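The chain below stands alone and is given in structure tokens; this is the form predicted on its own.
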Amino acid sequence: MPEGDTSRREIEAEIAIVGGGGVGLAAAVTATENGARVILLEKRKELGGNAAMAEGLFAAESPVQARVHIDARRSHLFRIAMRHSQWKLNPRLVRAFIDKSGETIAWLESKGLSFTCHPYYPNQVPVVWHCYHGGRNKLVKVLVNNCQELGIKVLKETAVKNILTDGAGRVTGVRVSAKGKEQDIAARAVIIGTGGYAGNKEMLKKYCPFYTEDMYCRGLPHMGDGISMATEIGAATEGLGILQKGGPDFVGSRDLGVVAWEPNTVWVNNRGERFIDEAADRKRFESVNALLRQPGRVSYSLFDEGIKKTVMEVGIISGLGLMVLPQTRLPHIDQDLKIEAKKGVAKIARSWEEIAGWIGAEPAVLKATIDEYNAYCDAGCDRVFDKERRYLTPLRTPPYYALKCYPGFLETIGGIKINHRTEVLDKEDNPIPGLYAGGVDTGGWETDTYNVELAGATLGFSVNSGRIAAENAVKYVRANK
């Protein structure tokens, strides 16, 4: 258990915040607004973390929803969350998050952010995804500006190495390293928000049973620093091994990735067999479970010239969040296909036999799959997977196309065990005095299949847990002066 060396202390704060992403920025601003002296510590050169890539966050009973008459009741969404998880989550933590979320939107609006409630998938009810205007990193920019306006001390390119405690196990600060030099920072409370361990292959292999090095990581390669530091001083763990996974994902051209997901394409494994209703998961998070059951955990999205022309001239069906909206035309995918074919991740062929050879499947098996599927299209009924009739488009017009797809993930979820006040718990479920954590470093709020009915929950939990941690850390500091 690391203890502080008072001879090396050069900086003091009431609350030290480890990580400058969604958790840390929200915590820093909230704690300062509540009268605390804060220092924000970020390992990277820039603040924001994965929050800078997000488009919006979850909220219930927000002022935005109220203005457009969206009935998104907290109690209803709490029940959805717990039913989806089969009550495997910490219900008090989930409730605290959902109950805080609407107030957080009002808080962000007061800082100049404006929002539109946008359905994450077709016919979503209620609409809970609050997308902010001004670009993907607008939320980060607003909170960073707030930090500057409030005079919050921010140290970038500063890695926190240890959490310091006294003989009674109370947090006394952190030890940091910057430019090859170590120093101790005194603090009565510490808030952890370091963004998980998506870049730590050792931890991924140890804790994530489905992880393979072929899986495409869309987020930042965080190393699990906060989890390691917390467990070093006795923190319990919860939910280790959860990936916010999705897919099948095409690792290449973004537009071809959108096409690969179209519900009128055909998905086969490396044996040339269909394995799912390609239109079943318009949410992108459940179909990956079917893909993970396939040999080699790889799949291929197949389409023909007719579908390609429709995408180019009429537009796509599904889209990709706010980046590529439904009905968007993709006129450049011909060029993209040629580029990706040279890389070996796409195939253009005049026959299904050629496609089978590229996949590594028996030609007869793939031909039987396509023939069966085309017959279902003609009959208007998919007798195996019950795909909706409107998406049954036969593949008969050469050239034919195949895109190689893998499971992907944005980040890890889970690690440090916390309670509904975001206090870090030890192995006896007692709070470690002065230690708090939020965001994807923590467990108990999400399952291994992302609940997209609470669209934007990952960023939403990060920001809200950061605020909850800050409010409780301030109370702790005031009570322990």
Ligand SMILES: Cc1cc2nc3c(=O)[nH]c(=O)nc-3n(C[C@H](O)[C@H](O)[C@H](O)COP(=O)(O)OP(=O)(O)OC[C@H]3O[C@@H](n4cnc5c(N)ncnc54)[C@H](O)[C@@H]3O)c2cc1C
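Predicted model, so just to flag it, every value in this text is computed and none were measured. Start at 1 with the first residue shown and count on from there.
The same protein also has a form predicted together with this ligand, omitted here; what follows describes it.
Stretch-level contact check against this ligand in the predicted complex with heavy atoms at 4.5 Å: of 291 to 299, 214 to 222, 395 to 403, 104 to 112, the positive one is 214 to 222. Proximity to this ligand in the predicted complex, defined as a heavy atom within 4.5 Å, holds among Arg136, His76, Arg170, Arg271 only for Arg136.
The contact residue chosen from Ala59, Ala437, Val440, Ala27 relative to this ligand in the predicted complex is Val440, the criterion being a non-hydrogen atom within 4.5 angstroms. Contact between Glu423 and this ligand in the predicted complex is not found at the 4.5 Å heavy atom cutoff. The shortest heavy atom separation between Trp129 and this ligand in the predicted complex is within 4.5 Å.
Contact annotation for Glu55: at least one heavy atom lies within 4.5 Å of this ligand in the predicted complex. Using a 4.5 angstroms limit between non-hydrogen atoms, Leu41 touches this ligand in the predicted complex. Shown without its partner, the chain has Gly193, Thr194, Gly195 in segment 182 to 208 as residues with a non-hydrogen atom within 4.5 angstroms of this ligand in the predicted complex.
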